[in-house]
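Just the one chain here, laid out as structure tokens, in the form predicted on its own.
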């Protein structure tokens, strides 16, 4: 009669005996630029400019996290990204996201780590005439990258605004066509730059800001303001670049605008990227 096998079978109750396939060697000799996790929906709290008693804002971020994988490694440990993220959910700031990025690089023993968060950021704005308050939401991003020798952090925000065509105003006997534009301001910096400040720079560069609450007296103001301040998409990015370049805290910036045309089937686009301080090899 055959004797029972003496081979020990790994079971789920014995985690220490489980094989770690990801840590095995790979024979293809191909390094991977980025491997990680994307599309994580995660609650977060953010510091608010000019807040009293250290007030914070609750939001929900979409998080992407990656590391570079060396050629000899088969895989990375995906679960560790989430474990580390859970340690950093409160009081997020560019500095704190940078700390998370370094932690990921060290924990996963990688040459390079990359973390990016995108999230809605709400700012209370008063209508220009009636002073009625309403919340405006802006799409903000924090992007961090860390290597053994360099850390890089960028803060960005996308701001809706109004532009009015100078050519249309010039050639028309009355009226002019306008657009909803999406203005993007992104910056590297040596001292704290607030999301609110980037929003203000972007809105100052448009023909007129937009608001969530407008009564008829407010509509009159914003319509006339845009008419008195016509701008091409080129004007918007040049004006935004001028403001960002004048801010001595900012060492690099990307300014762009996409104007959603009202009388054309296409959109208008312009962008400027500039270094205004010392460069490093992450400043691509």
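Source: prediction; values computed, not measured. Positions refer to the first chain, counted from 1.
Another form, the form predicted in complex with another copy of the chain, is not on view; read the next lines as being about it.
A.B. asks: 96, 112 and 141: each with a heavy atom within 4.5 Å of another copy of the chain in the predicted bound form?
C.D. replies: Negative, none of the three is within 4.5 Å.
A.B. asks: Here the chain is shown alone; which of 196, 107, 133, 151 has a heavy atom within 4.5 Å of another copy of the chain in the predicted bound form?
C.D. replies: So the residue touching another copy of the chain in the predicted bound form, by this definition, is 133.
A.B. asks: Looking at 117-125, 183-191, 142-150, 96-104, which stretch has residues with any non-hydrogen atom within 4.5 Å of another copy of the chain in the predicted bound form?
C.D. replies: Going by heavy atoms within 4.5 Å, the stretch is 117-125.
A.B. asks: Could you confirm whether residue 55 comes within 4.5 Å of another copy of the chain in the predicted bound form, counting heavy atoms only?
C.D. replies: Judged by the heavy-atom cut-off of 4.5 Å, residue 55 is well away from another copy of the chain in the predicted bound form.
A.B. asks: Please check if residue 238 has a heavy atom lying within 4.5 Å of any heavy atom of another copy of the chain in the predicted bound form.
C.D. replies: Close contact exists here: in the predicted bound form, residue 238 approaches another copy of the chain to within 4.5 Å, heavy atoms only.
A.B. asks: Would residue 232 count as a contact of another copy of the chain in the predicted bound form, using a 4.5 angstroms cut-off between non-hydrogen atoms?
C.D. replies: Contact check for residue 232: yes, within 4.5 Å of another copy of the chain in the predicted bound form.
A.B. asks: Report whether the minimum heavy atom distance between residue 200 and another copy of the chain in the predicted bound form is within 4.5 Å.
C.D. replies: Contact check for residue 200: no, nothing within 4.5 Å of another copy of the chain in the predicted bound form.
A.B. asks: Between 164-178 and another copy of the chain in the predicted bound form, list the residues on our side with a heavy atom within 4.5 Å.
C.D. replies: Contacting residues: 165, 166, 167, 168, 170, 171, 172, 173, 174, 175, 176, 177, 178.
A.B. asks: Would you mind telling me if residue 91 and residue 39 are closer or farther apart in the predicted bound form than in the shown form, C-alpha to C-alpha, with a 3 Å or larger change?
C.D. replies: Closer together, by at least 3 Å.
A.B. asks: Have a look at residue 41 and residue 91: in the predicted bound form, are their Cα atoms closer together or farther apart than in this form, given the change is 3 Å or more?
C.D. replies: Relative to this form, closer in the predicted bound form.
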